[in-house]
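Next up: a single chain in C-alpha cells, the form predicted alone.
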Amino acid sequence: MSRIGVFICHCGENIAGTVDVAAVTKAALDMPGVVHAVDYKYMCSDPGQTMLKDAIVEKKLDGVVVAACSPRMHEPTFRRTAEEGGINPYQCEMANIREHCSWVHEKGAATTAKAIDLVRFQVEKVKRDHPLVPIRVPITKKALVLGGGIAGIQAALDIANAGSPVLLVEKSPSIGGHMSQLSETFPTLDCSQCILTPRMVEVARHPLITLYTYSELEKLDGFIGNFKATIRKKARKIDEKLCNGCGVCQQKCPVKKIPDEFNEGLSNRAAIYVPFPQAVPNKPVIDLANCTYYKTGKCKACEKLCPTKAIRFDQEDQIEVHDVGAVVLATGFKTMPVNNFSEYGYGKYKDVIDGMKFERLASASGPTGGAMKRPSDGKTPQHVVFIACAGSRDRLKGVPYCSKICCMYTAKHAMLYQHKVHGGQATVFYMDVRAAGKNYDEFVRRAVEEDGVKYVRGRVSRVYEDDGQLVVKGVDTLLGAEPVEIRADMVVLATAVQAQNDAEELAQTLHVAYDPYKFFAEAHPKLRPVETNTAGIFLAGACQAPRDIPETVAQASGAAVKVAGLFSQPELTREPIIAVVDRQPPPVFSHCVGCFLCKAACPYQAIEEEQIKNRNGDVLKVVARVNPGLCQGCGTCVSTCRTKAIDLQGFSNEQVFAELMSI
C-alpha cells in the first residue's frame, strides 16, 4: 500500500490568492494512498524543505507530491530534498497549480476544483513511480566555440585558461567580429582595437586553443559530454604554413575594385585580401567570385610573385571531425539591411549612412584615416543628423523590440563627430533614451551638456534632398508635435540589431530553441540565462539578444564557467527519463517486431539495432535498443511504435492513463 505525502505551497499570494489552499489540503487527505497532507506559505524555503524531509521519515512515506509552481523551476530542488529524506528522487512529483491554475483563472470554486484535480493526477502517477538510477556517461573534456567575435574570444580564453582544450570556429577569414570594426567604445571612449587586438593575438598563441577561421560547423551529433562536431575548413587557396603575410599578393593583384566588406563598402580591396591590418590570422584568402583566374582561367599574378610560393589554386575544402563535450554559441548579430529605409533615402543619397559606416569613417584604420568626410564628395560635414531607433521598436519593419545599444552608440557617434569637427553641429532624433548600464546615463548627459549635441524628441518621417543638401523632416514632441525640418550634410541611421541570416538553420542543426526573431533562446531567463534547452550547449553574446560589449563579455565568461563546471566532473550524471524497449532474453521475445519506425523518427539518433541470438549464436530476431547516452526522453519513439513496445521511464503509458482515469 502506497504511503504518499502531499505538500501544498501558497507561493505567497501567487497560488493562495486564487486557490483555496486549505480545501486542496483537505481533499488530498481523502485521496487513496495519501497518508499526510500539509500546506505552507513557501515550500521551497528552507523551513518548507525541512518539513518535507521530516515528514518522509516520521510518516514513512514512499512517495511525495509537491503542489506548487512549475517543475521546470523547482523539481530538482524537491527531488534533492526527497532524496535527503530517504526516498528515491524520482518518486517525487510536482503538480503545477500556479502556471496551470492560479495564474490563468479567477478566484473561485472552479479554480480550487482544478487545483485538486491537478494534485490527484500526480498522486495517481506517483503510486506507479519506480526507483530510477541516474545515467553515468564519460565526458570529452574539449569545448567547441562557434563565433570569433569578442564573445567567442572571451569564452575560448576562459575555458582554455581553466585547463581544457578549445576549438574556436569563425566563418570569416579573421576573428574579431563587429568589435574589430569599431572606432571607440562607450562609455569610456577607449580605442576598440586597443582592447580587442591583444585578445585576438592571445587566442592565436594559446597552446590549448585551436583556431579555425574561414570555417563552418557542418553537423553536430551526440549529446552533452559526447558531441561529435563536423567542421568544414574552407579553402583559402593559400598554404597557411608557407605564407608569411608579406602582402605582395595583395599589392600585385590586378583586380582591386571590389567593395571592402570590413569598411562597409566605403573603400575597395583586391581579389586576394586580408580583411584588415590587425587580422588574426594575418593570412590572405582568395575571393573566388572575383578572382580573374577562377573566372577566365588566366592571370595567376599572385602565384608568380609570391616569394614563399604559398598560393594553392587547387586547394580543396577540408572536413574534420572532432569529439567535444560542450558547445558555446557566440555567433553574434547583424544590423538591419539598409534597403528597409527607403523613406530615409538610403541607397538614393550617398550621404545617408548607417552606424557601422560611421564607425569606419571615424576609425583611424578606416578609409579616411579617421578624418570626418562624407561619402559623396569627401567634404567635411558641418551638420550631421543622427536618427535613433531606425527599424527598432517598429512593428511595421518586423522589429518590435529595443535593440538596446543604439541610444548609447548614437550618443558616442555624436560625441566623436563633435570632437573631430570643431564648430560642427550634431543633432539626434530619438524616441526616448535608454541608458541603463553603469555610467551610461552620465555618458549621454555628457554628450548634451559638455559636447553640445542637440537632442530632438520625435520621429523622422522623411529624408529628401534639396539644393544639394539633405533635409530631415520630423516632429518635436516636446514642443507639442511641432514640425521640424533640419538641413544636414550627412544623416546617420542607428539601424536595428537582428539575428544572423543563418541563425534559424544553425539552431535546427544544433536542436536549440529560438524566438520569433531568430535569436537563440535560453533555457530559463533568470535561473539558466546562458544555457539552452539542449544540454551541453551554452549561449554567449548577441546571438541570444542585442547586447553591449560589457554584457557580452560577462555572459561569455558565464558560459565558460558552465563549461568548466561540466568538465570538472569525472563523469556526467544524466536524468534516467529515457525510453526503454520491452525486451526479454530468449526464448521470451519482446513486443518489438523490428520495424524500426522509431529509429527513423528519433531526432537524437538514439535507436540502435540489436540482434537477438540463441545459444548457438544464430540470429533469431533484430529488435530496437535505446542508447541511454543519446536518448533525451522526448517520447517521439513511444508515440511512433505501432506495437507499443516502447515506454518512457517516469512517464509510462500506465502512469499517463492512471492520471487521465483519476478524473
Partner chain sequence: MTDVRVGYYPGCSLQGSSRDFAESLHAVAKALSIDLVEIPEWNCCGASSGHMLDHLLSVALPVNVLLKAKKAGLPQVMAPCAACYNRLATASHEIATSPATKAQVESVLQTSIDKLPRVLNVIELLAQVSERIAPKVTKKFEQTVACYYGCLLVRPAKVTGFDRTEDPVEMDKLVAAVGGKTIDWNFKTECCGASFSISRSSVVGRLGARIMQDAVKRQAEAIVVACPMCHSNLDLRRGEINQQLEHKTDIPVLFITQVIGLALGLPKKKLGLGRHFVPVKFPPRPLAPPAVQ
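Keep in mind the model is a prediction, meaning the values are calculated, not measured. Residue numbers count along the first chain shown, from 1.
One more form of this protein, predicted together with the partner chain, exists but is not displayed; see below.
- The closest heavy atom approach of Asp314 to the partner chain in the model of the complex falls outside 4.5 Å.
- When contacts are judged by a 4.5 Å heavy atom cut-off, Asp466 counts as touching the partner chain in the model of the complex.
- Mapping the unseen interface onto this chain, Glu485 counts among the residues with a heavy atom inside 4.5 Å of the partner chain in the model of the complex.
- The shortest heavy atom separation between Glu343 and the partner chain in the model of the complex is within 4.5 Å.
- Interface residue among Lys397, His511, Lys234, His322 relative to the partner chain in the model of the complex, by the heavy atom within 4.5 Å criterion: Lys397.
- Of the listed positions (Tyr440, Tyr349, Tyr517, Phe121), a single one reaches within 4.5 angstroms of the partner chain by any non-hydrogen atom in the model of the complex, namely Tyr349.
- Of the candidate stretches 121-129, 199-207, 456-464, 298-306, only 456-464 has residues whose heavy atoms lie within 4.5 Å of the partner chain in the model of the complex.
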